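The chain below stands alone, shown as structure tokens; this is the form predicted on its own.
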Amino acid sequence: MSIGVLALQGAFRRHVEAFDALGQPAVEVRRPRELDDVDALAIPGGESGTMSMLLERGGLFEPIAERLAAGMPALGTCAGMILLGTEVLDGRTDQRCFGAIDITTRRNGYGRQIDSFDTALDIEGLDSPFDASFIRAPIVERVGDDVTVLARVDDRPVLCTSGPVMVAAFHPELPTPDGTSDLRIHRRFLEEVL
């Protein structure tokens, strides 16, 4: 099993390190041919409009869309959540989403960079809270009937799954406030979605 991490922008190296720490090989994906060698894909945070544009320019959007439609597992965090969703309410006019999970998002829904925050999340299936970093995080405005919500902030979904897709509005790849790594979201993706 090989995990690809979309490496166009954002904190992709942190995702590679997280999977590697769990003993799961991860490779950076920048070109369509590199997608051929992976069984699952992580799409990191970053700026979703820019990432969408880079996916189109690099010829990656269609190959990824085809693999997702065929059932390739995917983990999306922050901008990755937006891109894997069905609709983004306030994206660029030419911004496309993969439609791999039936959610509607709003970019930077929690506010600008200065409004970023950390919080201890109660996540269904985890035995203790997860320290989550929300950095210009999206808000989930709508979830489809086949989407399972695993965690919420102020009654808004922030961690969701549907079939082989898991998305988070926060950044599980970043170190916790005490500087340690909490790999439970990545582990759960590997155990439950793959």
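Numbering starts at 1 and runs along the sequence shown. From a predicted model like this one, the values you see are computed outputs, not experimental measurements.
The same protein also exists as the form predicted in complex with ligand GLN; that form is not shown, yet it is the one meant from here on.
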Q: Can you check 33-41, 156-164, 135-143, 52-60 and let me know which stretch has heavy atoms within 4.5 Å of ligand GLN in the predicted bound form?
A: 135-143
Q: Report yes if any heavy atom of residue 107 sits within 4.5 Å of a heavy atom of ligand GLN in the predicted bound form; otherwise report no.
A: yes
Q) residue 47 near ligand GLN in the predicted bound form, any heavy atom under 4.5 Å? A) yes
Q. Should residue 171 be classed as touching ligand GLN in the predicted bound form when contacts are defined as heavy atoms within 4.5 Å?
A. yes
Q) Should residue 100 be counted as a contact of ligand GLN in the predicted bound form, where contact means heavy atoms within 4.5 Å? A) no
Q) Since the partner is left out here, which residues of 59-86 would have a heavy atom within 4.5 Å of ligand GLN in the predicted bound form? A) 78, 79, 82
